[in-house]
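Take a look at this one chain, the form predicted on its own, written out in structure tokens.
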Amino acid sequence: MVGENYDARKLGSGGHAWTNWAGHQSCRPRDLIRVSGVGELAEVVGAAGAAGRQITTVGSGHSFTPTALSDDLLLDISRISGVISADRDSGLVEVGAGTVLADLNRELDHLGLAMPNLGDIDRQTIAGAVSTGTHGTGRALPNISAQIEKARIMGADGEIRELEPGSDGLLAARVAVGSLGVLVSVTLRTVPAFNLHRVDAPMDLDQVLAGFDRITEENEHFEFFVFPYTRTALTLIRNRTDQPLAPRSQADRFLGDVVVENGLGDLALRLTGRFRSAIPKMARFSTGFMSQSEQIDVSHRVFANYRTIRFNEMEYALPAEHGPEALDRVLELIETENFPLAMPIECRISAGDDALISQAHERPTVYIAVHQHRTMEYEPYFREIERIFREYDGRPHWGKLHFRTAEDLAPSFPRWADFQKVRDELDPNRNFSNAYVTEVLGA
């Protein structure tokens, strides 16, 4: 299975160890159970709920936070996967919650359908992606969870509840950090399959920031990467096209995805961690690999990028009008304080949506993500950068590192109380609240 990126092994007396993709989050649950289907899921969850146990669902391990950690029952629903039903005329497709995005994209392609927007990693399960607010980029396009028309969720009693369009239950479940129950399936609104023309090109960062509104209005999908200690951005522009397919060569994919977006490589980043003074020179050297390239391909193959280097990441969602200024301030802070951050910063944009605790709730949003190699210290630097994001009423990505608590998060979400009401209805005994959920959503 494409999504099995975690490490699971026996530890005696029935225990298992689980580690996320980045290697930073790990736990030793009392039980780790990979259910065979919905029937077994109902039996396991019903019994655990009756016993008052804490229940956490794990996906592909691509969250950087402790969202999937548990010392009790950890559920793997990867076998509840695949397209359950599809209506090509309406574009409505019901999908098992354990479906990995890469697999879903291929199944939709065979049906002549596609997701209207995707992030740049396709290894997450659909449940994990929507629960944490995973998004792509595009001023007119909301995050993946906004595509959900209906959802089926299992409570601690083992019963499945149908969450219908327009209900607060569905608006809460679209982004819920696993706190409402076990997602069993979601019905997504897809679109007819389409091709994208992608152009990667280096640009002067000041020109990108000054023209950010114009560029994002003129192009369907726009994002850019910039190395700290430099003023050159690698811009990625994607627009729909009817032109003949022209996939990228393996060399272009290596240079674009591995070298530029990840840095010079795993070994170079490890060495940089030992020789802090080399970081600015390495960053400037890396910009020399930025070159213009083009690709025309099926949409999901254009959206997804390689990720060969493992890292830790913090990403914040800011009101769109403040994005360029905040990014400039982050770069200035890194350079002024000589922070040892050698990996590029990523900037994307999305439309607002109506999910109750979505990072983009009711406002156009610019996302700024900072990264640090998994072997290098990140916390003191991420904390200082977070102070800048908070000045603009930034909201953290639920699946990426941050240092916030429910008490100070609540004022940033106008419908926080409505979300808590749904939570009280669907999980009154807090069976689905692990330590992370309790910290960020409250007891």
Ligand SMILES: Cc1cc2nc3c(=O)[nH]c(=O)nc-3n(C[C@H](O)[C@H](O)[C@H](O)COP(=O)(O)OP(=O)(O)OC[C@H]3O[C@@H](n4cnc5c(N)ncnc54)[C@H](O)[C@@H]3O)c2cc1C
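None of these values were measured; they are calculated from a predicted model. Residues carry their position along the shown sequence, with the first being 1.
Keep in mind the form predicted in complex with the named molecule is missing from the figure; the text below concerns it.
Asker: Answer yes or no: in the model of the complex, does the named molecule come within 4.5 Å of a heavy atom in every one of R174, Y316 and P396?
Answerer: No, none of R174, Y316 and P396 comes within 4.5 Å of the named molecule in the model of the complex.
Asker: The chain here is shown without the named molecule. Which stretch in 28-36, 42-50, 376-384, 398-406 comes within 4.5 angstroms of it in the model of the complex, by heavy atom distance?
Answerer: Contact criterion met by 398-406 only.
Asker: Within 4.5 Å of the named molecule in the model of the complex, heavy atoms considered, which of L327, L188, L236, V182?
Answerer: Looking at the other structure, the residue within range turns out to be V182.
Asker: So which of G158, G138, P364, G119 reaches within 4.5 angstroms of the named molecule in the model of the complex, heavy atom to heavy atom?
Answerer: So the residue touching the named molecule in the model of the complex, by this definition, is G119.
Asker: Is there a non-hydrogen atom of F224 within 4.5 angstroms of a non-hydrogen atom of the named molecule in the model of the complex?
Answerer: Output for F224 is no: heavy atoms all beyond 4.5 Å of the named molecule.
Asker: So in the model of the complex, does any heavy atom of T132 sit within 4.5 Å of the named molecule?
Answerer: Result yes; T132 sits at the interface with the named molecule in the model of the complex.
Asker: Taking any heavy atom pair closer than or equal to 4.5 Å as contact, tell me whether G128 reaches the named molecule in the model of the complex.
Answerer: Because a heavy atom of G128 falls inside 4.5 Å of the named molecule in the model of the complex, the answer is yes.
Asker: Is V95 part of the interface with the named molecule in the model of the complex - any heavy atom within 4.5 Å?
Answerer: Contact check for V95: no, nothing within 4.5 Å of the named molecule in the model of the complex.
Asker: Mind listing which residues of 350-375 have a heavy atom within 4.5 Å of the named molecule in the model of the complex?
Answerer: Residues within 4.5 Å: none in this stretch.
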